[in-house]
Ligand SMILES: Cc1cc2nc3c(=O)[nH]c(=O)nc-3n(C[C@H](O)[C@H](O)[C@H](O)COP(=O)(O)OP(=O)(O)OC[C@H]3O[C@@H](n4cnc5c(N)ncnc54)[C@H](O)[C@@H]3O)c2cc1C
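The chain below stands alone, shown as structure tokens; this is the form predicted on its own.
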Amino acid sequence: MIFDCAIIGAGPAGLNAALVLGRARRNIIVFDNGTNRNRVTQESHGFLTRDGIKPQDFKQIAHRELAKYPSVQLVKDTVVQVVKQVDHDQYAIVTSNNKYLTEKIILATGVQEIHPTIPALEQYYGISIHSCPYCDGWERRDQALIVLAEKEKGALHMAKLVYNWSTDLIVATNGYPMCPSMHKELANRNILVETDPIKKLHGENGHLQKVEFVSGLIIDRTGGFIVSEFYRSNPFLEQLGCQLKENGQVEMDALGRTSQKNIYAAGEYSQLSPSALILAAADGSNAAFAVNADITHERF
């Protein structure tokens, strides 16, 4: 069987693309290896009618809705290679366990994070330490918070953003120096910048209580936000020859068509940066509209 479209990635972008294409009666296969970035998140916010939903619950609802469309197939497997077929306008999707053929591909695998190098950070991430104030700032409002960032630009931006939710704020750079102007700008808002390396985070069951620095300083904090770096965990763009912008974003049109015919991108994968749940889902819809429009034009 040759699928009309293979969707690599089953986050909000990939699942919403599958919904649109399923309703358009296209034969779709969706690959999900369970490595979505929000799998450690307790709640998702900012999506009307789904505010506060657990990401896993969101996914289960999506699976139930997709099950109504017989032309959509969900596969739990990892795609390891995507190969253009030389003699046909098709692609081979090679997974850990199988091989599939498709005419078109939507890349929607999202991005992964590189966190600041702080001992035991993962124990708190997604519970009391977060990456997105728009997602979790309301729940942390007026609390004693910390911004964890190792680069000056990101530290300053996140501090300004988080200040909207809580003015009880410190910035910790984990041993990285910051320029005097940044110290001064934040000091004007009574925000302390602590450049000493972090020795340990103290708390219980993922709930932060104190931050201990190498100098011996211990500061009470109940939560915080980190500034991470992001990367794509697969080489599909390179394998397929898709063009990228200088900032790493995929070169594409407004509906997700990349520089390579029949290859589309959606969600965080296309932007190389985090995205709100509702925006990623909208990206998936756009890519699906493009896929269906192109198939319709080619076959009519």
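One rule holds for the numbers: they count along the sequence shown, beginning at 1. Every value quoted in this text rests on a predicted model; they were computed, and no experiment measured them.
Only in words, not in the display: the form predicted in complex with the ligand, which the text now covers.
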### Query
For Asn174, is any heavy atom within 4.5 Å of the ligand in the model of the complex, or not?
no
#### Entry: Interface membership of Thr258, the ligand in the model of the complex, 4.5 Å heavy atom rule
no
### Query
At the 4.5 Å heavy atom threshold, is Ala6 in contact with the ligand in the model of the complex?
no
#### Entry: Interface membership of Val291, the ligand in the model of the complex, 4.5 Å heavy atom rule
no
## Note on the structure
Which of 237 to 245, 250 to 258, 65 to 73, 26 to 34 lies within 4.5 Å of the ligand in the model of the complex, heavy atoms considered? The stretch 26 to 34
### Query
Is any part of 2 to 28 within 4.5 angstroms of the ligand in the model of the complex by a non-hydrogen atom, and which residues would that be?
Ile8, Gly9, Ala10, Gly11, Pro12, Ala13, Gly14
